[in-house]
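Laid out below as structure tokens are two forms of one and the same protein chain, each shown alone and named structure 1 and structure 2.
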Structure 1
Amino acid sequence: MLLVALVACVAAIVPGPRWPRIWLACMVVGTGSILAAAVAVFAGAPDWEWWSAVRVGGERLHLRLDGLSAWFMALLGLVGGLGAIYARGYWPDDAHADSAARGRLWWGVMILSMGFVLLSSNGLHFLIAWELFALSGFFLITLDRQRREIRAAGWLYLAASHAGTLCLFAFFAALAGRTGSWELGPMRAHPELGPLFWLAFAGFAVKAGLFPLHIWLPSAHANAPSHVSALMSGVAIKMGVYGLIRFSGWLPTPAAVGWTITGIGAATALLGIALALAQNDLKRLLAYCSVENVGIIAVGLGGGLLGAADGDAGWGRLLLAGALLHVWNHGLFKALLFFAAGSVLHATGTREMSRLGGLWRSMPWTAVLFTIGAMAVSGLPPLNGFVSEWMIYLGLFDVVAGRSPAAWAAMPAVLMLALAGALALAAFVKAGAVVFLGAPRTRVAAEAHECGGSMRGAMVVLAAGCLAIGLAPAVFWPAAGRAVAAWNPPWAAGAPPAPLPTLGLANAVLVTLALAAGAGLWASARARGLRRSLTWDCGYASPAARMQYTGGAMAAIAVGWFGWIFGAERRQRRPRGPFPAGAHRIERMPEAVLERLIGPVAGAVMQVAGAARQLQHGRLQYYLVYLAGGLTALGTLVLVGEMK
């Protein structure tokens, strides 16, 4: 299957620029083969391992597919294939003649390079695949490179990616220097390698978007084409998560790692969703929500590390399984939400929620599918987000009940995740209401149209996946158990936690009751006759679209709680006189880490570099003076050292 996937993906790269139909067929075959290979591992097939006879960079190519890599490969195959189908209608050649061909080429490169990241068991080849993955992401983000903000987002992504790659290069080089080989695998028997994990943590945390290393993520996901945003949020940032999980399982980790990842994860979840709530850009809201969900996954991973350190405690297995399931769940509902946001953008030409409204009338499919994704990301039953978050909560409660030292990390994590969940619900109530409910605020909203069949079909499949995991979570437990066992063999797959089948049954009953109630209400309404009339208009005789709540008004109170952290920027002109000519109020939530920390530091470095550049003027006599001065200073230092 993997050979078929490799051939199909390579075949897609070659004809991609010129023959879109052949490219789509190859991509569907390739990503379908990736998904089939992963499912075969979950069904009980032995781990797959392969060495090539040909050397790449002086090293034999070593690929490995086990339960953990198969877990991420399944997500890559599903979202990658559906994204290719969605792109056929969203980014066609007739509307994007200059960039559609390039997009197909780099889409294939990105799928292929991410697949090699998940399979590589050689540090050198891992780095090569990682760099190709980063470069393809840059070219996909900047497909519409005529706009300045898109180019800026692409360069910020590339700079952050290369900063992470430098940490990973240092990690793999140091690891190879200490072990004498670039080969990767279980190394827990070598405690001297433990401190190297901090380098891996820094490199992978950048790609995952953990706070405060998330600075590239909001602008990249917001400005990329929506199918690219779905792939990056649903799969690409999971490559950072994969690296953290993989190497925390292969390497001995310092005692502080579990505590650190749990704390950073809880803070990331809370601050990420607080920033999401403050956004008026629909795709930027979804991007910050990805930061929140990566934080939830990190809490589960940190708890798994603490459980492994505490004598392989059962709650650690539950937390890690919840984190892995949330990797899948987030990939499904976040790709669905970005596809729905792309449908809105495709129909209206804007991402600004304040210019939308009333789209449920003209875009009913998109409205319903967005609602399903919003419920899933908010952790509401009966959908998949509820299941994985419930598993993480259950593990954290077990930690507290067991009164182990890890309870000091679990208690604040529970509180912060609970607050983050409440804010997530508020953020998506705001987004759904402002975009789809009420009356159209502008002409583009009033003239919106539903998306085409390929875009709609991709969203329906993702929505069905969200519902399937919510209704039958026990069915997916063996796959999660195999991935957990690949991380920590003593936690070999067993029976699912007792409440998991009960949870699926409860969700099924909830869906049945909701459908029955909806059918009963509809039948009753039809029997009595349907009438349309205005809702309560607050005393206004002629209600208008301007009288609706705005997204800023809906989120103002909750955003104010975090104003002291983010420092909202406000500009306003108050109405003056008995007959004011006009008034306005503009509020912006800055990216505090980027604009108030990294930006000023980078500016200072550039000023110093600019001053130093003045020394490079091409005059030989001055260069001789510099050389003489340097030699004199060096000689003075040597002389002083000898005198001491």
Structure 2
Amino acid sequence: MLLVALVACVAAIVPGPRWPRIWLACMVVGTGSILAAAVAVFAGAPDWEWWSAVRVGGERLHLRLDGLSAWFMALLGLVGGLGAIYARGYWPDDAHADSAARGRLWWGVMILSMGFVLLSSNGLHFLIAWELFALSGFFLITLDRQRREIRAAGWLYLAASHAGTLCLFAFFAALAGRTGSWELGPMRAHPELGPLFWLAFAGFAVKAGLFPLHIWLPSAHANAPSHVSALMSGVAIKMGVYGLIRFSGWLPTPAAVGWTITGIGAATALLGIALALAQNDLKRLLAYCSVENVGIIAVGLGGGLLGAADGDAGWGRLLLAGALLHVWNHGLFKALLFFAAGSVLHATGTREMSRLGGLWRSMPWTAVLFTIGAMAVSGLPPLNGFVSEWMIYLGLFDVVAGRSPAAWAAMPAVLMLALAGALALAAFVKAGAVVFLGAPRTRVAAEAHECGGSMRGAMVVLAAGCLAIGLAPAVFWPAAGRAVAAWNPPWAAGAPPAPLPTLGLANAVLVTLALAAGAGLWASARARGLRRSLTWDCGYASPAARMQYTGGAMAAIAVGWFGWIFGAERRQRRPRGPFPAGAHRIERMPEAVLERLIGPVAGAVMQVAGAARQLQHGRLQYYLVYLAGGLTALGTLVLVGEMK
């Protein structure tokens, strides 16, 4: 199956740039077989392991498909394939003559390299696949190379990603140095390897976008073409999560790791969503929301680690399974939301919410699908986001109820999750309502058009996935159990430690009732006569679209509470006098970490670099003095050594 996937993906890469149809077919077959391979593992196929005969870089390829890899493979297959379909409509050759072919090429490379990341069981090949995946991500983000801000976003991504990769260099090199081989596998029996996990943590956390290492994420996801954003947000950042889960499973982790990951995860969730709420750019909002969701996943993972350390199987399993399920869920609904945002962008040419509005009329499909995604991402029942958040909550509550020491991590985490959940709801009410409801704020919004069939189809599949996990969570338990068992074998799969079937039933009832009630009320309203009239504006005679509540205003209250953390910047001129003119109010939420922390540090480094530049001044005489200086310094070094 994987062979088919490999062949199909390679087949897609090679002729892909020239022939879109063949590329699409190959991509669909390839991603389909990736998905099928994963499903085969869930269906009970034994773990698959394979060593190649040939050596690559001096090492034999070692691939391993176990429950955990399969879990992420499934997501990769689904989103990768749907993204390819979506791209047909979203980034066609006639509109993007120069970049569409490149996009197809790198898409194939990215899917393939992510697949290898998930399968590789050799440090060297893991790194190769990892960096290839990072680079293809960079080229996908900057498909449209003409725009400066896109290039800047791409560079930031590349820089951050490389910083993470260098941590991984150190990690894998140290691991290989200590174990004597590049081979990876369970090595919990060697406690001396424990401290190395911090290196892996730093490296993977950058990719996953955990606070405060998320700096690259918003601009990269916002500026990438939307199908790429979906893949980046849905799958690529999950590679970081995969790395964290994988190596926390294989390595013996220091006791503090569980606490740290939980803490950082909770903080990430809260701050991420607070920043999301503050955004005016639709895709940036979604990007920050990805930060939030990675935080939620990290809370689950950290809880799982605490559980493993505690020896308590119950809540640890639940938390880890919740985290894993949230990986899927976020992949599904975030891809859906990015697709929908892309369809809005495609139709209107802008991502600024304050220029949109009332799109439901011209793009009903997108509006409905976005709403589903928004409900899912806010963690509302009966959709999938709720299921995984529920599992994580439940695990944390179990910790608290059991009064285990880990409760001191769990209680703040629950609180932060609750705050994050409420803020997410606010953020997505804002996003959905400002974009799709009310009256169009600008001409572009009024002249929008619905997206094409391939884009719509991809979104429908994702929405169906969201609903399916929400309604039948128990169906997915065996797969999650398998992944959990791969993480920690003593937690081998068993009955779910939570009443998933009951939850599914409740959700199903809820859906039915909601549909019935909605339809019923609509019918009864129609039966009693339905008149249309202008929106009631308290007697104001000529309401205009610009009078609508803006996104910024909607978010202002809650964002204000976080202003002291992020240092919101505000410029305003109040209207004065009886005939006020030229009043304005501009609020901007700075990228706090980037602008307040990284920026000054980078500035300092650049200053040092500028100073170093002065040393290369072109005067030969001084260059010769450098020579003498080098001689003296080395001599001193040797002399000092000899004195000792």
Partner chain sequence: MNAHLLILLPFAGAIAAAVWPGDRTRPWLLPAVGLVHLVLSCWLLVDPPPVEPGAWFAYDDLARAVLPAVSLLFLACATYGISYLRIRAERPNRVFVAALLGVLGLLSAGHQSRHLGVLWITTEGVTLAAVPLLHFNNTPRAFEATWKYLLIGGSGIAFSLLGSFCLGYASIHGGGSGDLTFHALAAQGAGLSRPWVLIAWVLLLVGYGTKMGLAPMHTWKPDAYGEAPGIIGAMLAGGVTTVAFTAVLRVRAVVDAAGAGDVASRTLLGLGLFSMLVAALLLLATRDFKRMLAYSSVEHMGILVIGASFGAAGTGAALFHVWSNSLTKGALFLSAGNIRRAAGARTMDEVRGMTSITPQSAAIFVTGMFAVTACPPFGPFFSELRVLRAGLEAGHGAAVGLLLGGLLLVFFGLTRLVFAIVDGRPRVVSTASVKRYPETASVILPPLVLLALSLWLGLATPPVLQQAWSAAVQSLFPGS
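Since the structure is predicted, the reported quantities are computational estimates derived from the model, not experimental observations. Definition used throughout: the rigid core is the maximal C-alpha set that superposes within 1.5 Å between two forms. By convention here, residues take numbers in order along the sequence of structure 1, the first being 1.
Since only one of the two is the form predicted on its own, can you say which one? Only structure 1 matches the form predicted on its own.
Aligning on the rigid core, do we see the C-alpha of R55 shift 2 angstroms or more between structures 1 and 2? Not so; R55 is displaced by less than 2 Å.
Does G44 count as moved between structures 1 and 2, where moved means a C-alpha shift of 2 angstroms or more after fitting the rigid core? The answer is no, as the C-alpha of G44 shifts between structures 1 and 2 by less than 2 Å after core alignment.
Would you mind giving the Cα movement of A633 between structures 1 and 2 in Å, after fitting on the rigid core? That residue's C-alpha sits 4.1 Å away in the other form.
For G577, CA displacement between structures 1 and 2 after the core is overlaid, in Å: The alpha-carbon displacement, core-superposed, is 3.9 Å.
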